[in-house]
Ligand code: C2E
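Single chain ahead, by itself, as structure tokens, in the form predicted alone.
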């Protein structure tokens, strides 16, 4: 926020005592050059008229004998002022037309023209005063110089005061013809002071009006310059942005002279940049982005380089040696520091045939880059047929999610959660499946991450909520037992919509008690956007919904999560059961986690149970619940009901009391 100027600052600004920016200096200079044209034209016309008039008077009145007197008294002054006016006019016109940029000459001419004008006014008015005439020429020249031209008030004060004092000192020693009195009359003194004061006030007013306009235009110029700059440049790194990149890349691809077989789109991603930001802070992260941006620009001279977004960059360059340069860049980025392992991943795409869509090319290069993320020994990959198939599926998923929901292609599969004490089903986990008419049954891995990447995941999760609530209503209306269902919420759900409101609205629509809808939130989601996630979790629990911590132990902040948040169920990640039979550390680790849940008054649930031995162990350490292929893989509700009907599984009767 701009600081309000003090009274002293206002006064010094008004009097022209504060320094000007380069823009304001140029504005005043240009203004004075334009004013100089008006002033010089008036002077030139008047002086030519005065020369013609005087010459005519001499000829008509036969005054040639006194020609030397007229030359000394009048002609010399007329021609000097005329010459100064012509010089000022010629330079001002040349400057404003861009024919010359020598401002120092203009400043000298402005002062010379002003001094000559005032001197002319003094000389002519002294002659007029000596004959008893008015001193209008002096006053006119004062107005011309101080009012047509714009001066700092302190400079205007100096010009006015010096010229007035000099002029009136000269006539103070003369005798007034009309009164016969020596020196200045009182009336002349009063009138002259009034004229001086009025001219000075106009000088101040003119300066401040011009200064105000100059500052406004400077501010507008800065805004326009900023808008122009950010329209083609990235604000942080200073390199081109994607608007400029797409526009220029389109032109390059459409040029007849461009050999498309030799161009390549490169997409760069700084892997582990998020960890770098968390460790060193956003300022250091921004400095790293600027450094990497400059490194890429230097590595690909005469190429089109842009910041795509966040820690991503794109390049349109020649294919020759692009991979070797990318590998060298990755090594340089990796060597920037030691504590966080940075890698610069690069995906490449070569346009085929008449392709000329930079956005699609960037997407494909990005897809190739994403395919090698988390691959330690791979820093570069070209987009190929294998990736093409995956990319087509990705595009299909993004474009078809709305239609899939509307056409009921999104299905809910349920996986049982059983009690370790009774072996009965005490809960179900709702898992999304996409039964697509073109690709068949798609597993979650085929579409969940893609929908998250394109920020469409909330549509899927709301659809699952709706389907689960409908399944509950159909079952209870038929008098069948239905157990609580846990729903997986993405971290993005809390950003993209009011997921708590969406859940509660559907629960009320289908009259589903909150006890029958549990919410699973992954541990990794809690490392981001903690403020609104924490509020959402409190809102869920206040409405009666249970909140689970999913995938406990898969991240690095588990204990902090337990300290900072409240959960009803802790779901132990399936990784802990891997190597159960051979790794002696597995059992005590799981037992200690279960003991911790009991201490914190939470229900313990272990997923990934595949053998009876694992299940018996969990029962022996008082783990409350288990989930895994030992009981059932995720299946449609009717298939699950068939298994229950066959006696393979059984719903717990404890939830019969909730049926309505």
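Positions refer to the first chain, counted from 1. Remember, it's a predicted structure, so these values are computed and weren't measured experimentally.
The same protein also exists as the form predicted in complex with this ligand; that form is not shown, yet it is the one meant from here on.
Put simply, residue 271 is far from this ligand in the predicted complex: not one heavy atom of it is within 4.5 Å. Although the partner is absent here, residue 553 sits far enough away that none of its heavy atoms falls within 4.5 Å of this ligand in the predicted complex. Remark: residue 624 does not count among the residues lining this ligand in the predicted complex, judged by a heavy atom distance of 4.5 Å or less. This ligand is not shown here, but in the predicted complex it comes within 4.5 Å of a heavy atom of residue 574. Annotated contact segment (heavy atom within 4.5 Å of this ligand in the predicted complex): 489-497, selected among 134-142, 489-497, 372-380, 277-285.
520 is the sole member of 520, 504, 471, 323 with a non-hydrogen atom lying within 4.5 angstroms of this ligand in the predicted complex. Put simply, of 457, 547, 485, 249 only one has a heavy atom within 4.5 Å of this ligand in the predicted complex, and it is 457. Annotation for 595-615: interface residues with this ligand in the predicted complex are 607, 608, 609, 610 [heavy atom within 4.5 Å].
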